[in-house]
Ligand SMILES: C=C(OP(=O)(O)O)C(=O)O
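The form predicted on its own is given below as one chain in structure tokens.
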């Protein structure tokens, strides 16, 4: 299951949203900040820390790897002497980014450490590590390409080539590990890198924390020069960005049946999911994008074409949006959806099908036939946070009530999602 909290179902009634809301903290930014604070020796103060299950799992991991942390006055304070695990096991919860980013950092230790996880993470493929880490003097034993992983280092940076087509998260972990190991005159070459904006975010966080930075050679090679890094600053201050992937659901909710203002999203962010703005502009909702806030309200919506290859997490909110757009919306990038919490392409097709929205899958394309009405019914999150939120947003203008089973799945990325839409006027009952 996707949450440590008790299982519940949420019933959402058709509701018009009004008012102002702050977007949640970005778990992409928060988890990277946790890793950087671990790698960096010294004290780091992290403002606006996230509270999602994945964020809590990241804090558990950095503690197991030697960092000390506490929250004071809503600021996360991390003290670290670098990667130095006390025990011989870490648990990444259900976080795909967590396992892919922290495994190379675990590999910096000299003794064997077991990496475990929970829920859907136990079924996700981990063969990447079996192939890459041995090239860095690390021994790896996986459970037939799945968790648990047993890793024994220490990792020795060297020239390697990796496949970037499955996920950029593996590269994030390797870049952090190379920085931690003070890599010199070595490079990581990457073939067919997907989700480049997430790599930009990783490099930005590394820079903000004063870690050794590689030269980015057109996303095809990341070269670490033979110069020592100078870590003068005693304390690093970092603010976790608002989350565009969680914020996307709020924005779509406004476009579907609202007149709301969303604050806390940086329009200059490197987060890939900022691309949701283009889809919202293209579908014809009323939107005003300002530095400090985004005003968005409903209008007659039309079908749009969107390429989600670099931002696959936008599929669920965009399917909710497309359901209310007149005509057939086309979203590219379906191949990126197979190894998520559920096979999201099929899950979206099934659950929105129950709500009367026809979705056709054609190889790498998803076709959503919208504007024909959405009916309230009983749906299931499939223990996937983004499916639960997508169904809730679609429910805001449906005919009749929508009951979402296993709605607690939202805890993975956005624990107070239902409370936030309630604050905007959504009628939600939990049972």
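The structure displayed is predicted, hence computed values, not measured ones. Residue numbers count along the first chain shown, from 1.
Although not depicted, the form predicted in complex with this ligand is the subject of the following passage.
| message | Check residue 212 for me: does it contact this ligand in the model of the complex (non-hydrogen atoms, 4.5 angstroms)? | response | The answer is no: residue 212 has no heavy atom within 4.5 Å of this ligand.
| So in the model of the complex, does any heavy atom of residue 241 sit within 4.5 Å of this ligand? | Heavy-atom contact with this ligand at 4.5 Å: absent for residue 241.
| query | With the partner left out of view, is residue 95 within 4.5 angstroms of this ligand in the model of the complex by any non-hydrogen atom? | reply | Residue 95: yes, in contact with this ligand in the model of the complex.
| field | Non-hydrogen atom contact residue 124 with this ligand in the model of the complex at 4.5 angstroms | value | Because a heavy atom of residue 124 falls inside 4.5 Å of this ligand in the model of the complex, the answer is yes.
| said: So if I measure heavy atom distances to this ligand in the model of the complex, which of the stretches 36 to 44, 396 to 404, 358 to 366, 380 to 388 falls within 4.5 Å? | reply: After filtering at 4.5 Å, what remains is 380 to 388.
| Of the options 257, 91, 169, 80, which one has a non-hydrogen atom that comes within 4.5 Å of this ligand in the model of the complex? | Looking at 257, 91, 169, 80 one by one, just 169 meets the 4.5 Å heavy-atom criterion.
| task | Determine the residues of 288 to 303 with a heavy atom within 4.5 Å of this ligand in the model of the complex and present them in sequence order; the list may be empty. | result | Contacting residues: none.
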